[in-house]
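The chain that follows stands alone, in the form predicted on its own, written as structure tokens.
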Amino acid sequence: MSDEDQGGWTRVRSRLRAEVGDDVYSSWFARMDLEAIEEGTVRLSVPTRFLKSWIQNHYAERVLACWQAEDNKIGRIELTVRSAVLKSTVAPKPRPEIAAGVNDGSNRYNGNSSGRAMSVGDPGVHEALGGSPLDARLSFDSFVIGRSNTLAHAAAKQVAAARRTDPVMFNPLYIHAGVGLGKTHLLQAITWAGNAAGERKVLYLTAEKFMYGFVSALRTQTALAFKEALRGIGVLVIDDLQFLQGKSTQAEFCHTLNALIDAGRQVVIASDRPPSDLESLDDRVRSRLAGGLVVEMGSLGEELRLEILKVRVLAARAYHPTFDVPLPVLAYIAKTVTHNGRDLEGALNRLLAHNKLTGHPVTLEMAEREVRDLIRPQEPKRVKIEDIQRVVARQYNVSRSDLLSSRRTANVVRPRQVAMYLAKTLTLRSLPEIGRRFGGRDHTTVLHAVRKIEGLVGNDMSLAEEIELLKRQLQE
């Protein structure tokens, strides 16, 4: 290969990096080599079949365009898979397998370009590929079904029971709920049941473990093998997605998510908020997450809390046969401990400890004393920006589309400012996020609206009363 060809390849790589960005370039193109340029055809090689398939499906035209910008005589790109063994200086050129733009459908893990097996490197890589720890108690059998979680439970059961040859009904399955409402229980139940069936390998990872494994793989230069091992999983389960941090880690998660979904593999994700509220994630990732089945698990009703307590008492009796909690005590806890399922578990653990350590039977008086700090004031309803826009539009006799539009007439500007003010005071959303939800406005526009309404409320009693009325409607 001539020095001129190598010089052209260097310029093409620079052009490609500038177009796609450092993160994407490092993920997909850093291991691409130039093999030959012959009669208007450029032959490039990559270390694995998966990498070849991904580039052909997503970047073939862009790579060709970069070459044509360098040399307009180039009319075709051929991508090949080179051996994982280091080539000698007399090794024959790789046989062209598939021209750019054609997918061979292969997704197998073939190791990385240096031939290093996954057994080499930081233990953090292997920990991640082995999955996060599972709790044997968190199975479908121990999950208590109620009105607030019926859909989430049914979807999780369907995912766990699906066979390898079944079409994927919804991908990804995205479950969101507040703390202690059963998200992790369902995700671990999917993992236990799916692996027990033996149809598909199910890997359960917290977002933190995903980050840890990816960073470890980068440090030990096994990142490509780590990526491909993840993408060979039949069902990937990611818990607590809201904790996913770091630009390159989020980019890798995005690539992994797209690769698995495009290959027909199942992805299940849990978070404490809907996809649209994951402000730290790229818009494309949020859109892909929202494109599956998004299910919210609501708060636990009193009847469901009572059923959960009954199940937990039966589970405790397996280890403590004499442990008994009278029904009036369970009813009292179900009525007063309303925050989440973990508080219910904590209340029972206190009664059990008191019973075992003192020998005193569980009574209502004991329960009132032991769980009083778990009785929290009722939390206000979580208000959504969409609800604010709907209620404000109805109050001021405008449409929601008016609030999101660029119209500047007085009958629209004031309701829009009120809605932005309520979004800032009643939600935890940032100014840029509120602006995005109001037709893509800049955060300074939102700040101006908030300050404007704050200034008016102090002097205009009529407006202050209107806003208090709107707040009551939204929090009922």
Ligand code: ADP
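So that there is no doubt, residue numbering starts at 1 and follows the sequence shown. Source: prediction; values computed, not measured.
What comes next is about the form predicted together with this ligand, which is not displayed.
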{"item": "Among the candidates 196, 161, 179, 364, the residue which, in the predicted bound form, approaches this ligand to within 4.5 Å (heavy atoms)", "value": "179"}
{"item": "Listed residue that, although this ligand is not shown, lies within 4.5 Å of it in the predicted bound form (heavy atoms), from 142, 248, 276, 336", "value": "142"}
{"item": "Check all three, 390, 393 and 466, heavy atom within 4.5 Å of this ligand in the predicted bound form", "value": "no"}
{"item": "Stretch in contact, per heavy atom within 4.5 angstroms of this ligand in the predicted bound form, of 286 to 294, 182 to 190, 320 to 328, 248 to 256", "value": "182 to 190"}
{"item": "is_contact(residue 312, this ligand) in the predicted bound form, heavy atom dist at most 4.5 Å", "value": "yes"}
{"item": "4.5 Å heavy atom contact, residue 345 to this ligand in the predicted bound form", "value": "yes"}
{"item": "Close approach of residue 149 to this ligand in the predicted bound form, 4.5 Å, heavy atom", "value": "yes"}
{"item": "This ligand contact at residue 300 in the predicted bound form, heavy atom, 4.5 Å", "value": "yes"}
